[in-house]
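Just one chain is shown here, as structure tokens, and it is the form predicted alone.
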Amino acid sequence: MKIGIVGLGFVGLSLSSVLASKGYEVIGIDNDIKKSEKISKGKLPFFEPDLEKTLKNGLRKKLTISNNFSLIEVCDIIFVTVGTPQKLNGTIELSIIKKAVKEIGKVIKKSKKNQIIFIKSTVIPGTLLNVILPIIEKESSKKNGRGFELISNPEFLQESRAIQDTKFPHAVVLGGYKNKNMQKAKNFFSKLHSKTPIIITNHQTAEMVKYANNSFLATKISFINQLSNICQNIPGSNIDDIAKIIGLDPRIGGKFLNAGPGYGGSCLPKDMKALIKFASDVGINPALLNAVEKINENQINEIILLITKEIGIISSKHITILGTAFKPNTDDVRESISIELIKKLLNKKAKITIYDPKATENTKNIFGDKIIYSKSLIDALNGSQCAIIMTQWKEFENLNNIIIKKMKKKIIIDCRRILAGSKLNAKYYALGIGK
């Protein structure tokens, strides 16, 4: 069996690497020539734990990387994993996926195989049948079910654990028609993930599942952050203890109950906005989703209130931001709350120094010479009048009285409660723990 994967971003590169490392013959396609060349040499265009090792293992076996779409003509299965970025009005941008499936249609026109095309890109309900399918049928001169089969196959990967999630997904969702090709698709995934539930549904439901999944996770985060803000004003209360206890209830579960500065990244904010816009378009007022988004947007103000409470006027004050990646073990700063905080502090004329173990270069691409970039934790605190822990990097647990000696004013605001319980010679505030 030969597998083609179109789009070598976070999802596509992880999938290509894992499948090839398992012995499948994989052709990874990306129209970015420089990116393709870099990947073919075993180098990553972004940081993701365990991905480089898995990629190199795949390249040693049966992984081919190219920008030549014609190579997928020989593939039995094709995965589409290109991006669907967000427009200013919240809708998703379909130009990239339209271009990709147009090229796929042209290529499979020449193929004698009955190819299965899986769409893993996140798209709103109706996109496969109303947008993608007509393009493929027009370009290939074939009909769905005869010559090829179009199936929705949403992904649920988490950044910083993409390889684990690719190997062991919590579920496989297949959206399409119940026919022989769907059975082939089910057989493929059954062999690949023998212990994973496989759910077969229609195209629209499978498309909706990804939005339902991410909007629920966002809701849990905003819920616990709302509680965190309440705890902040109750002396002695601790949001982590509350989260741990309610998380033991099997109806609730403990995951995504880590209070903090708000959710970010490439998925949750984008998918929330897209679902809110889609709901409005189909005549529904998504009051709960709007509230979840508003709570997330307001969370940053809680941090600024704490800063102002301690240092007064922010203008000209030297503030250190520890962590700019939206979560640990990634270099991704897309929709990072830390980035938004820096923007707001710069608007207030603060002097900003940042330190992040992995995301410094991506942060430089946003701010250039407007802020200072430190290469170590101790350097980042030199002369600082306030340090704010934004990302839960393991390294930040090492912050101690020796390291904070260089601070001009020893004020620490810990948005992740990494240092809660530590005996620091500083004014210490942990978001969600009442004083």
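A residue's number is simply how far along the shown sequence it sits, counting from 1. Please read all numbers here as calculations on a predicted model, not as lab measurements.
There is also a form predicted in complex with a small molecule; it is not shown, and the following applies to it.
Contact with the small molecule in the predicted bound form, judged by any heavy atom within 4.5 Å, is made by just one of S316, S141, T308, Q158: Q158. Note on contacts: among L94, L217, L133, L346, the single residue with a heavy atom within 4.5 Å of the small molecule in the predicted bound form is L217. Although the partner is absent here, L268 lies within 4.5 Å of the small molecule in the predicted bound form, judged by heavy atoms. Contact annotation for F223: none of its heavy atoms lies within 4.5 Å of the small molecule in the predicted bound form. Although the partner is absent here, G264 sits close enough that one of its heavy atoms falls within 4.5 Å of the small molecule in the predicted bound form. The small molecule in the predicted bound form is not approached by F278, whose heavy atoms all lie more than 4.5 angstroms from it. Partner contact region in the predicted bound form: 324-332, out of 179-187, 230-238, 245-253, 324-332, criterion any non-hydrogen atom within 4.5 Å of the small molecule. Candidate site formed by K22, K167 and T201: none of these residues places a non-hydrogen atom within 4.5 angstroms of the small molecule in the predicted bound form.
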